[in-house]
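Single chain ahead, by itself, as structure tokens, in the form predicted alone.
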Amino acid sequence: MINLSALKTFLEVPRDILITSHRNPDGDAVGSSLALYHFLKNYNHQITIAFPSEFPAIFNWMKDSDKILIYDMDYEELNRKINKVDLVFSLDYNGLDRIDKMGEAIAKSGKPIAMIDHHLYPDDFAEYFYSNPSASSTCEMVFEFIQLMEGQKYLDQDIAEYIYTGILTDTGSFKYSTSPRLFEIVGQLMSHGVNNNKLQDLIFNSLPLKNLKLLGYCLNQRMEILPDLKTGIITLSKQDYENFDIKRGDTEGIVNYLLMLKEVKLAAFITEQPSIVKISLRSKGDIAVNEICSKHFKGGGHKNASGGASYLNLEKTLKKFKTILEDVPNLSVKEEV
């Protein structure tokens, strides 16, 4: 943390604070935002949470999730809020462009920003930076932030559950981005009442029927395996989104099913959005998908879990991706011959 003492001093008196996270919020974005919200409430701050777009309904069980404002729908209220707050927290994103027009409004306001994030190569946009690319998740960093702020006494079951949610989802249920320190933190969270079985059910076993049908369609109709490149790909078109009435969060975790195949070392989930094509990559072992995303798709993330975007159409993006695969180290079967 840079300027931690200055931030602690700043937060010693009640402030008007805005907590923000990225478009298409996932478990880490929602969990870290609500954990920080409930933690800072203990210091009598006035706090608002805002996301650029809606978050998946599977996180509605979190206390006060119904108070989260969505910039796409509440932009007039949020623009007024941005201009009157004392501090903006940016969680789980490393540049204001990740929050679209809300980022433009924050930049224009000139309000001080405190960033807590685990992605590589953060932009220089905040007065207070807490950046740790080796962390599993922003939720892990929020736990450490609470420790750094000497606020352990405020770590209750609710906050512990929200932090655990972000860790659980960003690590794929502890399949990647883990460390000895992470499991120490998980142990402490469980000592505060976190029930792993309960949260696994809330997050992963609460799907509506249409989601299971969508998964079946992806695996049966939209999956392509490239044996020579040890890669599995699933694509979804705009028409697929319309046919299945796909909403925010409905496709969460689908990419991970490709890695269940023994011969697949790299999994790609490529989806056609209204204005861009989104790319979500996962990998096993030494396949660094964050390098693929940062170099070719204006994205980033962790070595084994990353994402990006393309402004080409779906067909051209898929063709580009397959060409890129031929030069990815440790991927081609031919390299092993």
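Note that this is a predicted model, so its numbers are computed, not measured. What we label the rigid core is the largest C-alpha set whose atoms superpose within 1.5 Å from one form to the other. Residue numbers here begin at 1 and follow the sequence given.
What follows is about the form predicted in complex with a small molecule, which we do not show.
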Name the stretch: of 277-285, 29-37, 42-50, 61-69, exactly one has residues whose heavy atoms fall within 4.5 Å of the small molecule in the model of the complex.
-> 277-285
Heavy atom to heavy atom, is residue 247 within 4.5 Å of the small molecule in the model of the complex?
-> no
Does residue 119 reach the small molecule in the model of the complex, with heavy atoms at most 4.5 Å apart?
-> yes
Give a yes or no for residue 298: in the model of the complex, does one of its heavy atoms lie within 4.5 Å of a heavy atom belonging to the small molecule?
-> yes
Using 4.5 Å between non-hydrogen atoms, is residue 305 touching the small molecule in the model of the complex?
-> yes
Assert contact residue (the small molecule, in the model of the complex, non-hydrogen atom within 4.5 Å, options 98, 111, 222, 81) equals 98
Superposing on the rigid core, is the CA of residue 38 displaced by 2 Å or more between the shown form and the other one?
-> no
